[in-house]
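Single chain ahead, written as structure tokens, the form predicted alone.
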């Protein structure tokens, strides 16, 4: 019964999400786009976390995808829609290349390296003045994709979110789930059971990085410009991470619920404390880790467990 109810709720939520541009104004659609973008990034972060690898490189691959898309249009004359696909492919290739170097690392060493790579990408873009525009960035003379139509930009972002959700459910329902869970629980046992640890880690890293690059391409095509400080912003790492932790990790629904709640809060915080909202995200992460390690899922499960005990 609970499963049927959740499916009905998901279907209704999906219909509402698709139909939102038909009755909502530009500002609500802008807020919804921001929430969906961060939600998709939170899902991709959680997908890699299921292997036990904690990445702080979300903004790095997001920024790589953003610049791949906008430079593909400006320098190579790509159609806007194709540049988004190119951004995903390029980010996936970059992840594949660096994966051979960093996926041998574990725990804090992997986390530190991914954080450093994001900064390295930003510095490289920052210093290639003739090609990337340097610190001033680049602007598309062709304008924003779809002529800046709020409804079409919303559906484009929704399509990016759908890709992230579909990939996450693929990770959950296929043998990838068992491989990543085994790696997270005990690598020695997983290896003795025949799990090719490096292959599965590389797959997870490439898929999540490609989606992050795709989202970067959608972002830059929606605004028509890119600067190193904008697309490599810490917002694209801290906020998705906080959303996933708040909702509950190792699932698709956890980051979705966390993104809806924290996404609305973040919009309010940006208006009230535009230069201090990152501090609030950090505080939320600390509180969740200390008092709600399983996120909002923990609060949902506790009443259910109490009900089961009473009925027993």
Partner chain sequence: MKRMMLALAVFALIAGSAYAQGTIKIGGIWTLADITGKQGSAAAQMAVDEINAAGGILGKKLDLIVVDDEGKADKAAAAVEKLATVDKVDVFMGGMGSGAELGKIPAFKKYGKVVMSTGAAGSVTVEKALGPSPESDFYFHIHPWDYNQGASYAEGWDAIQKQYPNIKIRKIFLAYEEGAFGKSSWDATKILFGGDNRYIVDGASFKSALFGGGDYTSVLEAAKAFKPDLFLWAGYDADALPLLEQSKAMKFSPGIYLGAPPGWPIGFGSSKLSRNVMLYGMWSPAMNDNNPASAKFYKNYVAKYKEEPATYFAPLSYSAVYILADGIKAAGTTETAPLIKALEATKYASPLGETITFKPSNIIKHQGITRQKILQWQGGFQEVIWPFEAATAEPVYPFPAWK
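Please read these numbers as outputs of a predicted model, since none were measured by experiment. Numbering follows the first chain given and starts at 1.
If you look for the form predicted in complex with the partner chain, you will not find it shown, but the lines that follow are about it.
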{"item": "In the model of the complex, segment of 139-147, 100-108, 79-87, 155-163 with a heavy atom within 4.5 Å of the partner chain", "value": "139-147"}
{"item": "The partner chain contact in the model of the complex: residue 49, any heavy atom under 4.5 Å", "value": "no"}
{"item": "Residue contact check: residue 55 to the partner chain in the model of the complex, 4.5 Å heavy atom", "value": "no"}
{"item": "Interface membership of residue 169, the partner chain in the model of the complex, 4.5 Å heavy atom rule", "value": "no"}
{"item": "Exercise: residue 278 in contact with the partner chain in the model of the complex, heavy atom 4.5 Å", "value": "yes"}
{"item": "Within 255-274, the residues that have a heavy atom no more than 4.5 Å from the partner chain in the model of the complex", "value": "266, 267, 270, 271, 274"}
